[in-house]
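So this first bit is one chain, no partners, the form predicted on its own, shown in C-alpha coordinates.
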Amino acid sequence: MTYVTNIKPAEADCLIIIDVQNDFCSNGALAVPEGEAVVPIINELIGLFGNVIATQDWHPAGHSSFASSHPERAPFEEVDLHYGKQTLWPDHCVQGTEGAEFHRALDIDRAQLIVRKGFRVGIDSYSAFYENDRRTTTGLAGYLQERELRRLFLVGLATDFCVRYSAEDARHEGFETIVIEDACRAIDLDGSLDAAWTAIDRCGVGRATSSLINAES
(Lines give C-alpha, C1' and ligand atoms only; values in the text may rest on other atoms or scores of the structure.)
Protein backbone atom coordinates (compact mmCIF):
# COMPACT_ATOMS: atom_id res chain seq x y z
CA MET A 1 0.00 0.00 0.00
CA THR A 2 1.02 3.61 -0.57
CA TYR A 3 0.30 6.17 2.14
CA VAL A 4 0.22 9.78 1.06
CA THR A 5 1.18 12.41 3.65
CA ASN A 6 1.09 16.18 4.09
CA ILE A 7 -1.42 16.92 1.37
CA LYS A 8 -2.39 20.47 0.48
CA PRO A 9 -5.41 20.41 -1.85
CA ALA A 10 -4.60 22.12 -5.13
CA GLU A 11 -6.53 23.61 -8.02
CA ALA A 12 -6.54 20.33 -9.97
CA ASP A 13 -7.71 18.24 -6.98
CA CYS A 14 -11.28 17.07 -6.41
CA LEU A 15 -13.05 15.54 -3.43
CA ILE A 16 -15.57 12.88 -4.52
CA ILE A 17 -18.20 11.97 -1.92
CA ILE A 18 -19.65 8.52 -2.56
CA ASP A 19 -23.28 7.76 -1.61
CA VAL A 20 -23.58 9.36 1.83
CA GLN A 21 -27.33 8.74 1.86
CA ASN A 22 -29.89 7.93 4.55
CA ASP A 23 -30.38 4.32 3.51
CA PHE A 24 -26.66 3.66 4.09
CA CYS A 25 -26.69 5.21 7.56
CA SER A 26 -28.18 4.01 10.86
CA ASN A 27 -31.77 2.76 10.57
CA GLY A 28 -31.50 2.84 6.78
CA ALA A 29 -32.61 0.02 4.51
CA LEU A 30 -29.01 -1.01 3.81
CA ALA A 31 -27.21 0.49 6.78
CA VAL A 32 -23.41 0.47 6.72
CA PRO A 33 -22.06 0.05 10.28
CA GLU A 34 -21.22 3.53 11.61
CA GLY A 35 -22.03 4.99 8.19
CA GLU A 36 -23.03 8.39 9.56
CA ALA A 37 -19.67 8.68 11.37
CA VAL A 38 -18.10 9.80 8.09
CA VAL A 39 -20.27 12.92 7.85
CA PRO A 40 -18.36 15.30 10.19
CA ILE A 41 -15.04 14.13 8.72
CA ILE A 42 -16.27 14.73 5.18
CA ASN A 43 -17.66 18.15 6.11
CA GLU A 44 -14.23 19.15 7.41
CA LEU A 45 -12.64 17.98 4.16
CA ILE A 46 -15.19 19.85 2.05
CA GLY A 47 -13.90 23.07 3.54
CA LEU A 48 -10.38 22.29 2.26
CA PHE A 49 -11.24 21.50 -1.37
CA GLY A 50 -12.15 23.93 -4.11
CA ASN A 51 -13.76 21.15 -6.15
CA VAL A 52 -16.38 18.80 -4.71
CA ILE A 53 -18.52 16.16 -6.45
CA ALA A 54 -21.04 13.77 -4.90
CA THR A 55 -22.61 10.56 -6.15
CA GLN A 56 -26.12 9.42 -5.34
CA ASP A 57 -27.51 5.89 -5.63
CA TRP A 58 -30.82 6.46 -7.45
CA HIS A 59 -32.76 3.26 -8.11
CA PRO A 60 -36.22 2.94 -9.64
CA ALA A 61 -38.68 0.74 -7.77
CA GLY A 62 -38.30 -2.88 -8.79
CA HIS A 63 -34.61 -2.53 -9.64
CA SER A 64 -32.93 -5.74 -10.79
CA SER A 65 -30.42 -5.61 -7.93
CA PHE A 66 -33.19 -5.81 -5.32
CA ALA A 67 -33.79 -9.24 -3.81
CA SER A 68 -37.50 -8.41 -3.89
CA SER A 69 -37.33 -8.52 -7.70
CA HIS A 70 -36.22 -12.18 -7.62
CA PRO A 71 -38.78 -14.62 -6.21
CA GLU A 72 -37.34 -17.07 -3.68
CA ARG A 73 -34.11 -15.10 -3.41
CA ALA A 74 -32.89 -13.32 -0.29
CA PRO A 75 -30.79 -10.18 0.27
CA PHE A 76 -27.02 -10.74 -0.03
CA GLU A 77 -27.39 -13.79 -2.24
CA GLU A 78 -25.65 -13.67 -5.61
CA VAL A 79 -27.35 -14.18 -8.98
CA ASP A 80 -26.29 -14.17 -12.62
CA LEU A 81 -27.68 -11.22 -14.58
CA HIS A 82 -27.03 -10.35 -18.21
CA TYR A 83 -23.80 -8.53 -17.28
CA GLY A 84 -22.46 -11.10 -14.80
CA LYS A 85 -22.58 -11.78 -11.07
CA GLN A 86 -24.76 -9.46 -9.01
CA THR A 87 -25.23 -9.30 -5.25
CA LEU A 88 -28.88 -8.87 -4.32
CA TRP A 89 -29.67 -6.07 -1.89
CA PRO A 90 -32.61 -4.99 0.22
CA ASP A 91 -34.67 -2.32 -1.56
CA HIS A 92 -32.71 0.89 -0.99
CA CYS A 93 -32.17 4.42 -2.31
CA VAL A 94 -35.39 4.32 -4.30
CA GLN A 95 -35.87 7.47 -6.34
CA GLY A 96 -37.76 10.19 -4.51
CA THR A 97 -37.73 8.50 -1.10
CA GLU A 98 -36.23 9.78 2.12
CA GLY A 99 -33.78 6.88 2.06
CA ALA A 100 -32.31 8.14 -1.20
CA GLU A 101 -31.68 11.62 0.16
CA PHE A 102 -28.24 12.70 1.33
CA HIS A 103 -27.67 12.57 5.08
CA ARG A 104 -29.18 15.74 6.49
CA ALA A 105 -25.94 16.81 8.17
CA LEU A 106 -23.82 16.48 5.02
CA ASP A 107 -22.76 19.84 3.58
CA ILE A 108 -24.02 18.86 0.14
CA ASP A 109 -24.61 22.47 -0.95
CA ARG A 110 -20.88 22.73 -1.64
CA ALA A 111 -21.04 20.02 -4.32
CA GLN A 112 -20.60 21.37 -7.84
CA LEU A 113 -21.95 18.20 -9.46
CA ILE A 114 -24.16 15.33 -8.30
CA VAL A 115 -23.79 12.11 -10.28
CA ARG A 116 -26.81 9.82 -10.02
CA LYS A 117 -26.16 6.15 -10.68
CA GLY A 118 -28.08 2.89 -10.75
CA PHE A 119 -31.11 4.55 -12.34
CA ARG A 120 -31.41 1.99 -15.15
CA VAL A 121 -33.78 -0.71 -13.91
CA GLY A 122 -31.82 -3.61 -15.42
CA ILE A 123 -28.30 -2.87 -14.22
CA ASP A 124 -26.66 -1.90 -10.95
CA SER A 125 -23.94 0.70 -10.64
CA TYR A 126 -21.35 0.67 -7.86
CA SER A 127 -18.73 2.88 -9.49
CA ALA A 128 -18.97 6.63 -9.98
CA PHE A 129 -17.55 6.03 -13.47
CA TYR A 130 -19.13 2.85 -14.88
CA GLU A 131 -22.19 0.75 -14.37
CA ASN A 132 -21.71 -2.89 -13.47
CA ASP A 133 -21.52 -4.05 -17.08
CA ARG A 134 -18.13 -2.24 -17.07
CA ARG A 135 -19.06 -0.53 -20.37
CA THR A 136 -21.84 1.97 -19.69
CA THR A 137 -20.33 5.21 -18.41
CA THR A 138 -21.75 7.83 -16.08
CA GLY A 139 -19.94 10.65 -17.91
CA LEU A 140 -17.90 11.57 -14.84
CA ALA A 141 -14.50 10.94 -16.43
CA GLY A 142 -15.27 13.32 -19.28
CA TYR A 143 -16.49 15.99 -16.86
CA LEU A 144 -13.30 15.76 -14.81
CA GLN A 145 -11.12 15.89 -17.92
CA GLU A 146 -12.96 18.92 -19.29
CA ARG A 147 -12.38 20.72 -16.01
CA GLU A 148 -8.73 19.60 -15.93
CA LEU A 149 -9.13 17.91 -12.55
CA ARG A 150 -6.39 15.33 -12.23
CA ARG A 151 -6.12 14.14 -8.61
CA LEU A 152 -9.14 12.60 -6.90
CA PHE A 153 -9.78 12.03 -3.20
CA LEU A 154 -12.53 9.49 -2.48
CA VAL A 155 -14.63 9.33 0.67
CA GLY A 156 -17.99 7.82 1.62
CA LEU A 157 -19.95 4.58 1.58
CA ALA A 158 -19.22 1.80 1.32
CA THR A 159 -15.47 1.15 1.21
CA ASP A 160 -15.84 -2.37 -0.13
CA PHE A 161 -18.32 -1.67 -2.91
CA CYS A 162 -18.93 1.80 -4.33
CA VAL A 163 -15.72 3.38 -3.01
CA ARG A 164 -13.63 0.42 -4.16
CA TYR A 165 -14.99 0.30 -7.71
CA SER A 166 -14.88 4.07 -8.05
CA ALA A 167 -11.22 4.05 -7.02
CA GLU A 168 -10.32 1.27 -9.44
CA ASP A 169 -12.11 2.97 -12.32
CA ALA A 170 -10.58 6.34 -11.52
CA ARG A 171 -7.14 4.79 -11.91
CA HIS A 172 -8.26 3.03 -15.11
CA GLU A 173 -9.24 6.44 -16.47
CA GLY A 174 -5.79 7.82 -15.66
CA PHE A 175 -6.51 9.90 -12.56
CA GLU A 176 -4.21 9.96 -9.56
CA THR A 177 -6.48 8.59 -6.85
CA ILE A 178 -6.39 8.56 -3.07
CA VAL A 179 -8.88 6.97 -0.66
CA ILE A 180 -9.21 8.77 2.67
CA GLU A 181 -9.58 5.80 5.00
CA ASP A 182 -11.21 7.36 8.05
CA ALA A 183 -13.80 9.09 5.86
CA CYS A 184 -15.13 5.72 4.63
CA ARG A 185 -17.00 2.83 6.22
CA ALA A 186 -17.59 -0.72 4.96
CA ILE A 187 -20.33 -3.34 4.81
CA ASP A 188 -17.72 -6.15 5.01
CA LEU A 189 -19.79 -8.92 3.45
CA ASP A 190 -17.96 -12.27 3.56
CA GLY A 191 -14.49 -10.72 3.52
CA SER A 192 -15.33 -7.97 1.03
CA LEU A 193 -13.40 -5.31 2.95
CA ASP A 194 -10.08 -7.16 2.82
CA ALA A 195 -10.68 -7.92 -0.86
CA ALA A 196 -11.39 -4.25 -1.50
CA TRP A 197 -8.18 -3.02 0.11
CA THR A 198 -6.18 -5.63 -1.80
CA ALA A 199 -7.73 -4.47 -5.09
CA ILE A 200 -7.27 -0.80 -4.23
CA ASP A 201 -3.60 -1.30 -3.40
CA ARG A 202 -2.97 -3.46 -6.46
CA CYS A 203 -4.18 -0.84 -8.93
CA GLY A 204 -2.01 1.93 -7.53
CA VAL A 205 -4.54 3.90 -5.51
CA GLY A 206 -3.01 5.75 -2.58
CA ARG A 207 -4.32 5.92 0.94
CA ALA A 208 -4.42 8.77 3.41
CA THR A 209 -6.18 9.86 6.57
CA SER A 210 -8.06 13.13 6.96
CA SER A 211 -5.55 14.42 9.51
CA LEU A 212 -2.88 14.50 6.78
CA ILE A 213 -4.86 16.86 4.55
CA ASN A 214 -4.77 20.55 5.35
CA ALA A 215 -4.53 23.94 3.69
CA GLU A 216 -1.09 24.69 5.13
CA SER A 217 0.96 21.66 4.00
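From a predicted model like this one, the values you see are computed outputs, not experimental measurements. Counting begins at 1, following the sequence as shown.
The following text describes the form predicted together with ligand VGL, which does not appear among the structures shown.
Among heavy atoms of residue 187, some come within 4.5 Å of ligand VGL in the predicted complex. The closest non-hydrogen atom of residue 19 lies within 4.5 Å of ligand VGL in the predicted complex.
Proximity of residue 162 to ligand VGL in the predicted complex: non-hydrogen atoms within 4.5 Å are present.
Shown alone here, residue 167 lies farther than 4.5 Å from ligand VGL in the predicted complex, counting heavy atoms only. For a residue to qualify, one of its non-hydrogen atoms must sit within 4.5 Å of ligand VGL in the predicted complex; all three of 30, 92 and 126 qualify. Stretch 51-59 is the answer when you ask which of 51-59, 145-153, 38-46, 174-182 has residues with heavy atoms within 4.5 Å of ligand VGL in the predicted complex.
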